[in-house]
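Before any questions on binding or motion, here is one chain by itself as structure tokens, the form predicted alone.
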């Protein structure tokens, strides 16, 4: 079995199953399967779990490129689209849980909440930016958008920043977990800044070394 077959028949199905495990736990807890419980406030547990899973998958998606560069694991790029789509999936579940189970689809109350609570405002902004990335993740959209596709998908950086910010602001006391996510994101973005700076510097040195025409 070559590397392409391993990714198609082993690694991708494994990532797919692993990414669905948080949802499976929530469904089991909602129906009391296998003794799993969602605690005294199941809606809050679902809301928190979906949001946290979306953020984790988003950071993992951002980590693919550094792992490819540092570990020369180029085939990891085959998993990046799936990871990003699962991040969008859980972010949408996070919002649906909030709108349906928490706010009972009272859209007037939802709008008031978005405008009143800053952490919900930035969370909604992140979701609205994430949707077009998920929609245009197909090869067809890549061909149609051409160079604009890459520019559009740079939105993943402000989305990740807003996602961490959203999580941080809703935590009332213990900020250790959002701080850990912020540190991971800072490392991932910092790595990209360093790589970009080195690339620009190398390009500048190459131009200066060219003989004059």
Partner chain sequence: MKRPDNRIRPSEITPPEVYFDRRQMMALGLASLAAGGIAGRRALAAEAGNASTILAARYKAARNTKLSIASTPNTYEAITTYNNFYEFGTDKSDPSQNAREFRTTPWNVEIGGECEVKGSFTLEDILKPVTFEERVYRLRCVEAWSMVIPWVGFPLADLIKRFKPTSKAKHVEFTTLLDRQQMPGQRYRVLDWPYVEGLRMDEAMHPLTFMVVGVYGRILPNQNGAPLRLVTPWKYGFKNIKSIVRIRFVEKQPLNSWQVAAPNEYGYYANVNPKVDHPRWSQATERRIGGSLFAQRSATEMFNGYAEQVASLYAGMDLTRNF
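Worth saying up front: this structure is predicted, and the values here are computed from it rather than measured. Positions refer to the first chain, counted from 1.
FYI, the form predicted together with the partner chain isn't displayed, but the following is about it.
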- Message: Is residue 138 part of the interface with the partner chain in the model of the complex - any heavy atom within 4.5 Å?
- Response: no
- Task: Tell me, yes or no, whether residue 131 is in contact with the partner chain in the model of the complex, where a contact means a heavy atom of each within 4.5 Å.
- Result: no
- Task: May I ask you to state whether residue 42 is within 4.5 Å of the partner chain in the model of the complex, using heavy atom distances?
- Result: yes
- Query: Does the partner chain get within 4.5 angstroms of any non-hydrogen atom of residue 104 in the model of the complex?
  - Reply: yes
- Query: Heavy atoms within 4.5 Å of the partner chain in the model of the complex: which stretch among 184-192, 23-31, 61-69, 154-162?
  - Reply: 23-31
- Query: Mind listing which residues of 160-175 have a heavy atom within 4.5 Å of the partner chain in the model of the complex?
  - Reply: 169, 170, 171, 172, 173, 174
